[in-house]
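Taking the form predicted alone, here's one chain by itself in structure tokens.
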């Protein structure tokens, strides 16, 4: 079993325990462990075999359960617990907005025990009128069911990268494989992918195919041909592999990276130049002479274009920009000089500030922002003003010891339902940087949510709005708000908007990021790390930034600490 599968079992255990009104702290322990298992970079099977399950939030009891899952593929405790409820209730709880309490209410009042029964009840308006449930609830349930059904078709970017990495590692052992690359939407770094494409350059495709077929991730062979093969992984993901001659590798990489719309655009351009372009190369229409194909750079050059980075190939004016030599110089991971969204064990993090600082320094960062939750978010052990003052002393003491690294004092302050903030201005004014976020009231009207965000940005001490749309990919849709109004206010008040790098968030998405860039609004990259391992997700935020056409100058944490302090000063 992989990390994701074990984490999902722990999430499910927590949900069942909540339905059964079990101990709150026990429920929270399973959820915290699930979150950390989901985000560690190491393979949990290896950690279990080597008895290194020292994962934050995983004590002796949970470690035993992980070991049982790894060794047997089953967990007796989970099976017993699951049998105490109708099987369909677990599926209902995966629907956005339908948590354990609502699931329990629906079952007790209407005997709803499956997603199909829930969908029917919502369509027949049988739910509105139950305690606390309104017509809007029925509408949200139907949207959530549609979202869940759609999500089953796609997996998150890091999971796809993990699977692709295992396959590529196997193929690299074949000396006849001269070039190897991911392709398709995975190479364009889309936040979710339906399948995985791998391209190999080799003159001996059979040896490459054999290596592909014996990859440990292969559960089923779907197709096996001389140059085209496909497998299905144990997770149910299809992986397609194409093998081409090395002289055609660049052309094939352009073709199979896509997107479809981008390929159409460059084919149209080739036609105007009396050329033909396909996966084998770029050819003269008359005579058929091959002009390019070995590298992608050669393909674009023959078409009169500078090289277009894979993340930009979505037919969003990148071809026109490449023809005019006006493509952005995209941000790179190495450009990031600090992390602007970090939690510690003072709130719902799993490690000390010192441990988080050490992990950030190991990444080569110059600074990080400790932004533990404010007091209203009790479930996350939010800090009171008194505890915030105590934390200040710890941070100041650490900063005196640290060399070439600064811990900035911040908070992730809650934006309440009326738009006021969870801390008074006299508390916020004493911090280095203030992050503001919505954690509740997601179902408010478009006007209400917009007003909350606007009001928060108008506060003279709020520097960044974090995870601005509130979405959880494949789990919870973004709340409805007027993004143009938010952009206008952010510009007027010099408030940055975050790209939250947590794999399930990636919020803002690349489309909103592009609009922010065009509006002149700065973007902040924050991993929202609750454990040291989660700093690794910065690369996902950088991918979103690149897809949004961002350069170093567009991103707050590409600045030095001194430059950052100067840049975040408010204009109101």
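Keep in mind it's a predicted model, so treat the numbers as computed, not measured. Numbering follows the first chain given and starts at 1. The term rigid core refers to the most C-alpha atoms you can superpose between the two forms while keeping them within 1.5 Å.
The form predicted in complex with a small molecule is left out here; the points below concern that form.
Participant: Taking the shortest heavy atom distance, is residue 260 within 4.5 Å of the small molecule in the predicted complex?
Facilitator: Answer yes; at least one heavy atom of residue 260 falls within 4.5 Å of the small molecule in the predicted complex.
Participant: With a cut-off of 4.5 Å between heavy atoms, is residue 197 one of the residues that contacts the small molecule in the predicted complex?
Facilitator: Residue-level check for residue 197: yes, a contact with the small molecule.
Participant: Would residue 255 count as touching the small molecule in the predicted complex under a 4.5 Å heavy atom rule?
Facilitator: Although the small molecule is absent here, residue 255 would touch it in the predicted complex, with heavy atoms inside 4.5 Å.
Participant: With the cut-off set at 4.5 Å between non-hydrogen atoms, does residue 188 touch the small molecule in the predicted complex?
Facilitator: So residue 188 counts as contacting the small molecule.
Participant: Taking 4.5 Å between heavy atoms as the contact cutoff, choose which of 100, 184, 310, 382 touches the small molecule in the predicted complex.
Facilitator: For this set of options, the contacting one is 184.
Participant: Here the chain is shown alone; which of 267, 273, 143, 228 has a heavy atom within 4.5 Å of the small molecule in the predicted complex?
Facilitator: The option sitting close enough to the partner is 267.
Participant: Tell me which stretch of 491 to 499, 447 to 455, 426 to 434, 188 to 196 has a heavy atom within 4.5 angstroms of the small molecule in the predicted complex.
Facilitator: Only one stretch passes the 4.5 Å heavy-atom test: 188 to 196.
Participant: Superpose the two forms on their rigid core, then report whether the C-alpha of residue 35 is displaced by 2 angstroms or more between this form and the one not shown.
Facilitator: Comparing forms between this form and the one not shown, the residue 35 CA shifts at least 2 Å.
Participant: Based on a C-alpha change of 3 angstroms or more, tell me if residue 421 and residue 35 lie closer or farther in the predicted complex than in the shown form.
Facilitator: Residues separate in the predicted complex, at least 3 Å farther apart.
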